[in-house]
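Only one chain is shown below, in C-alpha cells, and it's the form predicted on its own.
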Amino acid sequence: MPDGAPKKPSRIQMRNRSLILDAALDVFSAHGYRGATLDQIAEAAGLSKPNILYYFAGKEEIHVTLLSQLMETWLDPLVEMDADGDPMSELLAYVQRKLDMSRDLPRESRLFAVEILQGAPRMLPHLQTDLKPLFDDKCAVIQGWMEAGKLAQIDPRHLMFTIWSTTQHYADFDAQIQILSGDDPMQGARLHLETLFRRLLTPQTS
C-alpha cells in the first residue's frame, strides 16, 4: 500500500458501520434528530456507545451520512423519467416507483419526512443542489408534454407534490393505514393511484 494511502476498512469495521447506520435509521425515523440519542442507537445496534464514537464523531455525523445516502436513492425514480417516452406511461410508472419505495423503504421515507418537518437543517444543501435542478428539469419536460397536447394542462409542480403526498403517505402513516385499510393497502393503492392520475392527466376532448 503506498505511503499516505487510506487504509481499507476491515470486514468487521464495515459490518459495524452498517449495523450502526441501520440501527440509527430505526431510531431517527421513529424519534427524529432531536429525539434520538447515541445511547438509543448503541442499544439498537448492540454496540457500546464508545464503539459508536469510534466509527462516527457523533449523532450529527451519523444523521448526515444517512441523509446523504438517502438522497441518491430518493432521486432515482425521478431520474428514470424519460423525456422521450410516452408521457402518460412515464408519469404512471413514476407513481408506481414512488409507491414501491413507500413499501420497501418506509424507514427512509419517515427519516426524510421528519427532516423536512424540522426545516431540513441538515438536508438543505442536497435539496438546493441535487433535487431543485432535477425537479425543474422534469417539470419542464412535463410542461412540454402538456403544451403538445399529450397531457391535461395542470401545474407540473403541484402535480409532483401531489404524487409525493399520495405515495409517501403509505409509508409515513403506515400505522393508520394498517388499521383502516383492512387488506393489503399497496394492492388497492396501485389501482387507485393509477386511476386517479390517469383521469387527472388525460386531455379533455371537445
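Quick note: we count residues from 1 along the sequence shown, nothing fancier. Bear in mind that the values here come from a model prediction, so they are computed numbers and not experimental data.
Only in words, not in the display: the form predicted together with the DNA, which the text now covers.
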Practice problem: May I ask you to check whether L66 falls inside a 4.5 Å heavy atom distance of the DNA in the predicted complex? | Solution: no
Quiz prompt | Heavy atom of H31 within 4.5 Å of the DNA in the predicted complex | solution = no
Exercise. Mark Q13 yes when one of its heavy atoms lies within 4.5 Å of a heavy atom of the DNA in the predicted complex, and no otherwise.
Key: yes
Quiz item: Though only this chain appears here, would A140 touch the DNA in the predicted complex if you measure heavy atom gaps against 4.5 Å?
Solution: no
Self-check item: Listed range touching the DNA, judged in the predicted complex by heavy atoms within 4.5 Å, from 162-170, 177-185, 140-148, 31-39
Solution: 31-39
Self-check item: Residues of stretch 30-56 in contact with the DNA in the predicted complex (4.5 Å, non-hydrogen atom)
Solution: R34, A36, T37, L38, D39, S48, K49, P50, N51, L53, Y54, Y55
